[in-house]
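Next up: just one chain, as C-alpha coordinates, the form predicted on its own.
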(Lines give C-alpha, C1' and ligand atoms only; values in the text may rest on other atoms or scores of the structure.)
Protein backbone atom coordinates (compact mmCIF):
# COMPACT_ATOMS: atom_id res chain seq x y z
CA UNK A 1 0.00 0.00 0.00
CA UNK A 2 2.79 2.42 0.93
CA UNK A 3 4.71 1.50 -2.22
CA UNK A 4 1.75 2.28 -4.47
CA UNK A 5 1.17 5.56 -2.65
CA UNK A 6 4.81 6.55 -3.06
CA UNK A 7 4.71 5.73 -6.77
CA UNK A 8 1.61 7.88 -7.25
CA UNK A 9 3.07 10.67 -5.10
CA UNK A 10 6.29 10.69 -7.11
CA UNK A 11 4.37 11.06 -10.38
CA UNK A 12 2.15 13.82 -8.96
CA UNK A 13 5.15 15.72 -7.54
CA UNK A 14 7.09 15.47 -10.79
CA UNK A 15 4.16 16.69 -12.87
CA UNK A 16 3.61 19.59 -10.46
CA UNK A 17 7.31 20.53 -10.59
CA UNK A 18 7.23 20.44 -14.39
CA UNK A 19 4.37 22.92 -14.39
CA UNK A 20 6.23 25.10 -11.92
CA UNK A 21 9.35 25.02 -14.11
CA UNK A 22 7.36 25.77 -17.27
CA UNK A 23 5.78 28.78 -15.59
CA UNK A 24 8.89 30.37 -14.07
CA UNK A 25 11.72 28.71 -16.09
CA UNK A 26 14.44 29.33 -13.51
CA UNK A 27 17.56 27.07 -13.50
CA UNK A 28 17.16 26.08 -9.84
CA UNK A 29 13.62 24.86 -10.53
CA UNK A 30 14.63 21.99 -12.83
CA UNK A 31 11.94 19.32 -12.14
CA UNK A 32 14.30 16.49 -11.26
CA UNK A 33 15.99 18.65 -8.61
CA UNK A 34 12.84 20.10 -7.04
CA UNK A 35 11.06 16.72 -7.17
CA UNK A 36 13.97 15.10 -5.35
CA UNK A 37 13.84 17.72 -2.61
CA UNK A 38 10.07 17.31 -2.16
CA UNK A 39 10.34 13.51 -2.02
CA UNK A 40 13.14 13.68 0.58
CA UNK A 41 11.09 16.08 2.73
CA UNK A 42 8.06 13.78 2.43
CA UNK A 43 10.04 10.72 3.54
CA UNK A 44 11.51 12.63 6.47
CA UNK A 45 8.18 14.05 7.65
CA UNK A 46 6.42 10.67 7.58
CA UNK A 47 9.46 8.71 8.82
CA UNK A 48 9.48 6.43 5.79
CA UNK A 49 12.56 4.43 4.88
CA UNK A 50 14.20 4.26 1.47
CA UNK A 51 13.17 0.59 1.25
CA UNK A 52 9.51 1.52 1.79
CA UNK A 53 9.73 4.18 -0.90
CA UNK A 54 11.35 1.80 -3.37
CA UNK A 55 8.47 -0.68 -3.01
CA UNK A 56 6.74 1.63 -5.47
CA UNK A 57 9.75 3.50 -6.84
CA UNK A 58 11.23 0.33 -8.33
CA UNK A 59 8.62 0.48 -11.11
CA UNK A 60 10.02 3.82 -12.21
CA UNK A 61 13.50 2.27 -12.25
CA UNK A 62 12.20 -0.46 -14.58
CA UNK A 63 11.13 2.26 -17.01
CA UNK A 64 14.70 3.55 -17.38
CA UNK A 65 15.50 0.85 -19.93
CA UNK A 66 12.58 1.66 -22.27
CA UNK A 67 13.31 5.38 -21.84
CA UNK A 68 16.89 4.88 -23.05
CA UNK A 69 15.71 2.70 -25.95
CA UNK A 70 13.25 5.46 -26.93
CA UNK A 71 16.23 7.72 -27.62
CA UNK A 72 16.78 5.61 -30.73
CA UNK A 73 14.03 7.62 -32.45
CA UNK A 74 15.86 10.99 -32.51
CA UNK A 75 19.05 9.07 -33.32
CA UNK A 76 17.40 7.62 -36.41
CA UNK A 77 15.77 10.90 -37.40
CA UNK A 78 19.12 12.71 -37.31
CA UNK A 79 21.41 9.87 -38.46
CA UNK A 80 22.75 11.93 -41.36
CA UNK A 81 23.74 14.76 -39.00
CA UNK A 82 25.47 12.29 -36.70
CA UNK A 83 27.46 10.85 -39.61
CA UNK A 84 28.42 14.35 -40.69
CA UNK A 85 29.78 15.25 -37.25
CA UNK A 86 31.15 11.84 -36.26
CA UNK A 87 34.80 12.86 -35.72
CA UNK A 88 34.09 16.14 -33.90
CA UNK A 89 31.66 14.23 -31.68
CA UNK A 90 34.21 11.51 -30.94
CA UNK A 91 36.92 14.05 -30.09
CA UNK A 92 34.74 16.33 -27.98
CA UNK A 93 33.30 13.41 -26.02
CA UNK A 94 36.73 11.87 -25.48
CA UNK A 95 38.21 15.06 -24.04
CA UNK A 96 34.99 15.79 -22.16
CA UNK A 97 35.24 12.39 -20.48
CA UNK A 98 38.87 13.01 -19.50
CA UNK A 99 38.02 16.44 -18.07
CA UNK A 100 35.00 15.04 -16.20
CA UNK A 101 37.02 12.27 -14.56
CA UNK A 102 40.13 14.38 -14.04
CA UNK A 103 38.28 17.26 -12.38
CA UNK A 104 36.62 14.87 -9.93
CA UNK A 105 39.95 13.24 -9.12
CA UNK A 106 41.77 16.56 -8.64
CA UNK A 107 39.07 18.04 -6.39
CA UNK A 108 38.90 14.87 -4.32
CA UNK A 109 42.69 14.89 -3.87
CA UNK A 110 42.64 18.61 -3.09
CA UNK A 111 40.23 18.09 -0.20
CA UNK A 112 42.07 14.93 0.98
CA UNK A 113 39.02 12.71 0.74
CA UNK A 114 39.31 9.01 1.66
CA UNK A 115 40.58 6.79 -1.13
CA UNK A 116 37.29 4.90 -1.51
CA UNK A 117 35.42 8.17 -1.91
CA UNK A 118 37.96 9.36 -4.49
CA UNK A 119 37.43 6.20 -6.53
CA UNK A 120 33.66 6.68 -6.29
CA UNK A 121 33.80 10.26 -7.58
CA UNK A 122 35.87 9.58 -10.71
CA UNK A 123 33.06 8.03 -12.84
CA UNK A 124 30.53 10.75 -11.85
CA UNK A 125 29.89 11.94 -15.42
CA UNK A 126 28.70 8.66 -16.95
CA UNK A 127 25.32 7.00 -16.69
CA UNK A 128 24.50 5.32 -13.34
CA UNK A 129 24.74 1.58 -14.22
CA UNK A 130 28.14 2.09 -15.89
CA UNK A 131 29.39 4.39 -13.12
CA UNK A 132 28.47 1.83 -10.46
CA UNK A 133 30.26 -0.95 -12.35
CA UNK A 134 33.36 1.23 -12.82
CA UNK A 135 33.36 2.19 -9.12
CA UNK A 136 33.19 -1.47 -8.10
CA UNK A 137 36.00 -2.32 -10.53
CA UNK A 138 38.41 0.35 -9.28
CA UNK A 139 37.67 -0.13 -5.58
CA UNK A 140 35.03 2.56 -5.03
CA UNK A 141 31.54 2.36 -3.52
CA UNK A 142 28.91 1.76 -6.22
CA UNK A 143 25.99 3.31 -4.33
CA UNK A 144 28.07 6.39 -3.55
CA UNK A 145 29.06 6.64 -7.21
CA UNK A 146 25.36 6.66 -8.12
CA UNK A 147 24.81 9.64 -5.81
CA UNK A 148 27.63 11.59 -7.47
CA UNK A 149 26.20 10.71 -10.89
CA UNK A 150 22.84 12.13 -9.86
CA UNK A 151 24.44 15.31 -8.52
CA UNK A 152 26.46 15.80 -11.72
CA UNK A 153 23.37 15.25 -13.84
CA UNK A 154 21.22 17.67 -11.87
CA UNK A 155 23.87 20.40 -11.86
CA UNK A 156 24.39 19.98 -15.60
CA UNK A 157 20.66 20.28 -16.28
CA UNK A 158 20.37 23.29 -13.99
CA UNK A 159 23.36 25.34 -15.10
CA UNK A 160 24.28 23.91 -18.52
CA UNK A 161 21.97 26.18 -20.56
CA UNK A 162 23.21 29.27 -18.69
CA UNK A 163 26.84 28.31 -19.33
CA UNK A 164 26.11 27.74 -23.02
CA UNK A 165 24.45 31.13 -23.19
CA UNK A 166 27.39 32.88 -21.52
CA UNK A 167 29.81 31.15 -23.88
CA UNK A 168 27.54 31.96 -26.85
CA UNK A 169 27.41 28.28 -27.72
CA UNK A 170 24.35 27.75 -29.88
CA UNK A 171 25.15 24.76 -32.12
CA UNK A 172 23.37 21.45 -31.63
CA UNK A 173 26.74 19.67 -31.66
CA UNK A 174 28.18 21.78 -28.85
CA UNK A 175 25.09 21.68 -26.67
CA UNK A 176 24.34 17.99 -27.23
CA UNK A 177 27.88 16.73 -26.72
CA UNK A 178 28.35 18.94 -23.65
CA UNK A 179 25.19 17.79 -21.90
CA UNK A 180 25.63 14.13 -22.87
CA UNK A 181 29.28 13.88 -21.85
CA UNK A 182 28.93 15.83 -18.59
CA UNK A 183 25.41 15.04 -17.39
CA UNK A 184 24.53 11.67 -19.02
CA UNK A 185 20.80 10.76 -18.99
CA UNK A 186 19.60 13.81 -17.08
CA UNK A 187 21.55 16.03 -19.45
CA UNK A 188 20.07 14.20 -22.43
CA UNK A 189 16.57 14.81 -21.08
CA UNK A 190 17.48 18.50 -20.84
CA UNK A 191 18.86 18.41 -24.38
CA UNK A 192 15.51 17.02 -25.57
CA UNK A 193 13.85 20.17 -24.22
CA UNK A 194 16.17 22.20 -26.45
CA UNK A 195 15.61 20.19 -29.62
CA UNK A 196 15.56 16.70 -31.13
CA UNK A 197 18.91 17.17 -32.83
CA UNK A 198 20.52 18.16 -29.52
CA UNK A 199 18.94 15.10 -27.88
CA UNK A 200 20.24 12.76 -30.59
CA UNK A 201 23.78 14.09 -30.26
CA UNK A 202 23.56 14.04 -26.46
CA UNK A 203 22.48 10.38 -26.39
CA UNK A 204 25.45 9.43 -28.60
CA UNK A 205 27.80 11.47 -26.38
CA UNK A 206 26.38 9.78 -23.29
CA UNK A 207 27.06 6.34 -24.78
CA UNK A 208 30.54 7.25 -25.97
CA UNK A 209 31.48 8.78 -22.61
CA UNK A 210 30.46 5.55 -20.87
CA UNK A 211 32.73 3.56 -23.20
CA UNK A 212 35.64 5.99 -22.85
CA UNK A 213 35.28 6.12 -19.06
CA UNK A 214 35.29 2.33 -18.79
CA UNK A 215 38.60 2.24 -20.65
CA UNK A 216 40.26 5.31 -19.11
CA UNK A 217 39.30 5.12 -15.41
CA UNK A 218 41.78 2.38 -14.47
CA UNK A 219 44.52 4.17 -16.43
CA UNK A 220 43.77 7.52 -14.75
CA UNK A 221 44.33 6.01 -11.31
CA UNK A 222 47.80 4.87 -12.35
CA UNK A 223 48.92 8.43 -13.10
Partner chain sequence: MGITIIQIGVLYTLYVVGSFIQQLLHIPIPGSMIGMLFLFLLLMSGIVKEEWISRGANMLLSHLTLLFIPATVGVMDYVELFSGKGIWSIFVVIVSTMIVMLFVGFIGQWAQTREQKRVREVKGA
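Numbering follows the first chain given and starts at 1. Remember, it's a predicted structure, so these values are computed and weren't measured experimentally.
Unshown form predicted together with the partner chain; subsequent notes refer to it.
Interface residue remark: residue 100 is counted as part of the site for the partner chain in the model of the complex, having a heavy atom within 4.5 Å.
Residue contact check for residue 20: none of its heavy atoms lie within 4.5 Å of the partner chain in the model of the complex. Proximity of residue 28 to the partner chain in the model of the complex falls outside the 4.5 Å heavy atom cutoff. With a 4.5 Å cutoff on heavy atoms, residue 124 counts as touching the partner chain in the model of the complex. If you take 135-162 and check each residue for a heavy atom within 4.5 Å of the partner chain in the model of the complex, you get 143, 144, 147, 148, 150, 151, 152, 154, 155, 156, 160, in sequence order.
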